[in-house]
Structure formats: structure tokens, C-alpha cells
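Heads up, what comes next is one protein chain in two forms, each shown on its own as C-alpha cells, labelled structure 1 and structure 2.
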Structure 1
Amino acid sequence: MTDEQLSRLSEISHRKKYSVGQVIMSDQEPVTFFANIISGTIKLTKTIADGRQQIVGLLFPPDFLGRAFSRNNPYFAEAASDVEVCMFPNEAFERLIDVYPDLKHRLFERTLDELDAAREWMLLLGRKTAEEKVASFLLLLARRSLVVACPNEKPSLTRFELPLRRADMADYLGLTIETVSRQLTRLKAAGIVGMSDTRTLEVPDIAALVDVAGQGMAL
């Protein structure tokens, strides 16, 4: 983005914090803002009346949260961890979009990426086994951590934090908490991953993880 765009953006923005579990956007209310994630993880969920829930998207910095063209929003956005965002009132942001077409173009490309991710996840949800699901999720995080940390090097050991609790992992993978837990201990027992803490993971050999993730996690 150009400097001018950035300054225009910052003029209309303000920071906001959410703590774990807080609802950021609701199913019920129209969306009044766009937000840029500064830190933390946000989960997008869909829910059935009886309580069943599915996470349909995870957002990390510097992802965008919002609803282009102010339609109604069919998801919940919830803080999966403590979260800090940079918020833009809807109208102001959409005015900016009209003025800077390449900003809109960016949003478009982001949406296409989200669509690809959603469809990748459809394959996982519909066709993968519990073990493959968990492994695929860990692989996703492992690769993310590599990109964030050092784009070029390939360290033999990858270590990262789980951004989700077991309950959320279950809702993301279409499983139950218990199954997620069991598969994690299985992967640990098989030496494919190590866990110092329940939220800290080490992957000694990514290739081995790729193997149990069962393809389709192309990169």
C-alpha cells in the first residue's frame, strides 16, 4: 500500500482489545466495521441450535475481519485467544475501497485465498480420518510458524504454540475433544510430535507429519 493509503487508513482507525471467548461479531447483528488483526487468533464459527459447532475459519495477524459490501454476516467471530485489532468503521472503509481500487483488489485476492482454504478444509472434514485431521492441522501450524519465523531456512526442528484449546481444535476438525486428545497422544507416542506443554508442540521431522496428514495438504 502507498503511504497515503496507510495514513488515510490510520486516520479512521482505532485499536481495540478482546479477551479469550469474547464475541467480536455476531450472527445476529449487522457488521459495522472492518478489522485488521494485530495480535491473537480469531475463530469464525457456525452453530446449530442444539449446540453443535463448526469453526469455518481461523484468522491470524495480519488477516482481515469483516464483510465486504455490508451484507448480513452469517458467522460468529470469537476471540480464540486474547486479541488486539485495528478497527475501521464500515462506511469510511468502504469509501476508501471506492477510492483505491487496488485496495479492493487486495480484498478480492484475500477472499479467493479464504475460499481455497475453506475448500481444502471441506476435503479434510468430509474425507479424512481423525488421525489425518489432527496431523493436517498441526502441519498447517508448523508451516505457518516456519513462514513467520524464517522464510528461507529449514530448521530440522519446528516448535510452535497451539493457538487453540482442545475444544476449539475439535470444532475446527469436526471431532470431539476426546478424539483430538487421543490422536495427539498417539502422534506423541509415535514420535512424530513432541509436547513439552499441552500447548507447545515440536515437530522433529516435518516430512513424517506430512506423511500421516495424508496428502491434500499440498503447498
Structure 2
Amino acid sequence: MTDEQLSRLSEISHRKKYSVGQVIMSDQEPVTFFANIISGTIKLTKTIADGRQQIVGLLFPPDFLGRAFSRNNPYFAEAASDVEVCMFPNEAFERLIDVYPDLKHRLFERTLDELDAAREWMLLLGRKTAEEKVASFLLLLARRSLVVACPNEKPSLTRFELPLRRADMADYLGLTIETVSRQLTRLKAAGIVGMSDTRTLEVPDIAALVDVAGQGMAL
């Protein structure tokens, strides 16, 4: 982005923090803001007729939350961890991307990326084994941690925090809690991942995790 574009965005933006478990955006409420995730993880959920909720997506830095050019939000957005976002009022943001068409183009590209990721996740849920599902989820987290890492640093292993509880992981992957725990134990026993504490995972060799997740993974 050019200095001018960054300056204009800065003029309409402000930062906001949310604590873990706090609802950021409610299902079907009017859209009033568009946000860029600075830190933390946000889970997107849908409520079905009997009141149960299903996790339908996860957002990480530097993803965007909200729907430009839409008047209603189709899901709940909840802080899966402590979250900080950079918020833009929807109307002001939409006026700005009309002034800078290349920003609209980048937003469109981001939307297509999200569509591709959703299709990949449909494949994972429908065709992959429990081991491949858990490995694919950890691979997604590992790759996201590399995206936000300092480009000048080349760590010998990838380390990241698990943003979801076991129950949420099971919900997201279409598995039971017991199955998720069992597959994590197997991956640790095989040396594919390590755990320095209850929430911090280490991946000494991304290629080995890719093999377990299934060749050609493109999350």
C-alpha cells in the first residue's frame, strides 16, 4: 500500500482489544465495522435450529473480519484467545476503497482466498481420516505462525499456541474430544509435534507434518 493509502486508512481506524470468550460480532446484527486482526484468533460460529453452535471458520493475523458492502453479518465472531483488531467504520471504509480501486481489488482477492480455503476444508471434513484432520489443523496453525513471524528470523522449529480448547477442535474437525486427544498423542509419540506445555506446540519438521496431513495440502 502507498503512504497515502496508509495515511487515509489510519485516519478512520482505531484499535480495540477483546478478551477470550468475548463476542465481537453477533449473528444477523447490522454490520457497522470492518476489522483487520492484529493479534489473537477469532472463531466464527453458526447457530442451528436446536440452539447448538458449529464452528465454521477461524481467523488469524492478518485476516479481515466483517463484510464490506453487506448490511448484515451471517455468523457469530468470538475471541478464541485475547484479540486485538484494527477497526474501520464500514461506511468510511467503503468510501475509501471506492477512491482507491486497487484496495477493492485486494479485498476481492482476499475473498477468493477465503473461498478456496473453505473448499479445502470441505475436502478435509468429508474425505480425510482423523489423523489427517488433526495434522491438517496443526499444519494450518503452523503455517499461520510463519506468516506473522519476523522474516529475518529462521527458527529451527515452528512454535505456536493452540487457539482452541480440545472441545472446540473436535467441533471444528467433526471429531470427538477423545479422538482429537488420541491423535495428538500419536503425533507427539511419533515426534511429528512436541508440546512444551499444555497449549504450546512445536513442529520440528514442517515437511513431516505435511506428509501426515496428506500431500498437496493447500490451506
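Residue positions are counted from 1 along structure 1's sequence. Here, rigid core means the biggest group of C-alpha atoms that superpose within 1.5 Å across both forms. Keep in mind it's a predicted model, so treat the numbers as computed, not measured.
S.K.: Between structure 1 and structure 2, which should be identified as the form predicted together with the DNA?
M.R.: The form predicted together with the DNA is shown as structure 1.
S.K.: On a core-based superposition, does residue 192 travel 2 Å or more at its Cα between structure 1 and structure 2?
M.R.: The answer is yes, as the C-alpha of residue 192 shifts between structure 1 and structure 2 by 2 Å or more after core alignment.
S.K.: Do you see a C-alpha shift of 2 Å or more at residue 54 between structure 1 and structure 2, with the core held fixed?
M.R.: The answer is yes; the displacement is at least 2 Å.
S.K.: Taking the rigid core as the superposition reference, indicate whether the CA of residue 203 shifts 2 angstroms or more between structure 1 and structure 2.
M.R.: Yes, residue 203 moves 2 Å or more.
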